[in-house]
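Below you'll find only one chain, the form predicted on its own, shown as structure tokens.
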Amino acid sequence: MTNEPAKELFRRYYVARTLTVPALAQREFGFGFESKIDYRHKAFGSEGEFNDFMRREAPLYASYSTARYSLPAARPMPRKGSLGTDLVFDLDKTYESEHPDSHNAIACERCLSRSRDDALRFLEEFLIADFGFKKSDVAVNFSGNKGFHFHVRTAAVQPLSSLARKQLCDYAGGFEVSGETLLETLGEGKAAVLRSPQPGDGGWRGKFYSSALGIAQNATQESLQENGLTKGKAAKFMEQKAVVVSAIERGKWDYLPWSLDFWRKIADDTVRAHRVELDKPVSFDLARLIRIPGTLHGSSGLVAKPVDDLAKFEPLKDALAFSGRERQAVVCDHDVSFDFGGQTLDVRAGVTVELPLSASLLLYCRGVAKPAG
């Protein structure tokens, strides 16, 4: 059954604004009133037509194709006539396992903060530094629920194959790099050569180089032991610390032959610290539908909001559909407590309480509340 209290507020939201969609007439649209996509193969000829639909139907979920088509409403898929596909990444990981005792299923600021940190790292370290996109090439928006979406709509990415898109996701996930590949011994005996990161390297080699050099420069007996060296080897490292740092600065990693396993561990730690887990099918499925920026998410009532400054973005303050001034009385079927819009809200089961309208909408979408009366 459609969530009527949420649907009413969704309609109010859409009536009050006009949404824009890049290349709208070339997109396929899909909508959901109970599940995320109840039907698809919908097309619109203009933004006016699209916005009239949103105001009239107020879907709980609204998505559009990452692909562009000559006939976006045609069926089956081959009849649509692909004109290219935007490069889209979805970072939608859950972080509950990192803080199971404090995770809040209604609205978890810790999960959202971790997601934002991963999103910022993906933008700066991978999309810009490693993949070479300009910041202006990348449109970032909050997904409306748990994570972030990244849209690259330049002409250069439109013909990329499904495999190429998957490879970009695998690269960001660090699936093919490790201590063994970043510090690789080629040959045997006296002919053995250590293939290792050098000053000025980019990509994963550069990430490891910067991390390892910093560890060497700031090394203490305690930090080296914490990173796996025995007390004796840590002492020897400290005795020759200046020489080791100088060697690494020149790209020489075998000055202390017994330290190779130590550096490989540091490399593995670097990969774990910098890798970003993406929802790969969103990127490599060329017929994928994804949340329309600016629409509401039916599981939260939050806005899939475009984000200009990821470092400062706070979803539970910045992605609210309504201002904090308007309130609505609700009744919950069990006790809930959650942080929302900069305040902690405590609601007892069966007790009528007035909440900010966006908080009431969140509880409707989570299925734990209904309007009072």
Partner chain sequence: MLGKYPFLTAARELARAKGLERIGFEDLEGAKRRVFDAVNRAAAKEFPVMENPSDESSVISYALGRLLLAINDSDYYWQKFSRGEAVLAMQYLAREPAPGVLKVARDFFPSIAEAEGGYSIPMAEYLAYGSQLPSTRLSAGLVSLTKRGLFELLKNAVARRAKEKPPAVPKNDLFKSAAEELKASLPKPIVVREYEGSHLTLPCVKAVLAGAPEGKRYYGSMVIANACRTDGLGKAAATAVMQEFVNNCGKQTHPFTMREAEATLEWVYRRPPFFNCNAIRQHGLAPDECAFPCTRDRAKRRK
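Please read these numbers as outputs of a predicted model, since none were measured by experiment. Numbering follows the first chain given and starts at 1.
Omitted here: the form predicted in complex with the partner chain. The next part is about that form.
Practice prompt. Counting non-hydrogen atoms within 4.5 angstroms of the partner chain in the predicted bound form, say which of Phe262, Phe284, Phe150, Phe237 makes the cut.
Written response: By the 4.5 Å criterion, the partner-contacting residue is Phe284.
Item to complete: Would you kindly say which of Ala164, Leu256, Ala247, Leu213 lies with a heavy atom within 4.5 Å of the partner chain in the predicted bound form?
Response: Selected option: Ala164.
Worksheet item: Pick from 152 to 160, 248 to 256, 103 to 111, 299 to 307: which stretch has a heavy atom within 4.5 Å of the partner chain in the predicted bound form?
Response: Stretch 152 to 160 is the one.
Worksheet item: Can you check whether Gly202 is within 4.5 Å of the partner chain in the predicted bound form, heavy atom basis?
Response: The answer is yes: Gly202 has a heavy atom within 4.5 Å of the partner chain.
Practice prompt. Using a 4.5 Å heavy atom cut-off, state whether Thr230 contacts the partner chain in the predicted bound form.
Written response: Contact check for Thr230: no, nothing within 4.5 Å of the partner chain in the predicted bound form.
Discussion item. Quick check on Asp130: any heavy atom within 4.5 Å of the partner chain in the predicted bound form?
Written reply: Flag for Asp130 set to yes.
Practice prompt. Consider Lys93 of the chain shown here, and say whether it contacts the partner chain in the predicted bound form, taking contact as heavy atoms within 4.5 Å.
Written response: Judged by the heavy-atom cut-off of 4.5 Å, Lys93 is in contact with the partner chain in the predicted bound form.
Item to complete: Scan 157 to 186 and write down, in order along the chain, each residue with a heavy atom lying within 4.5 Å of the partner chain in the predicted bound form.
Response: Sequence-ordered list: Leu160, Ser162, Leu163, Ala164, Lys166, Gln167, Leu168, Asp170, Tyr171, Phe175, Glu176, Val177, Ser178.
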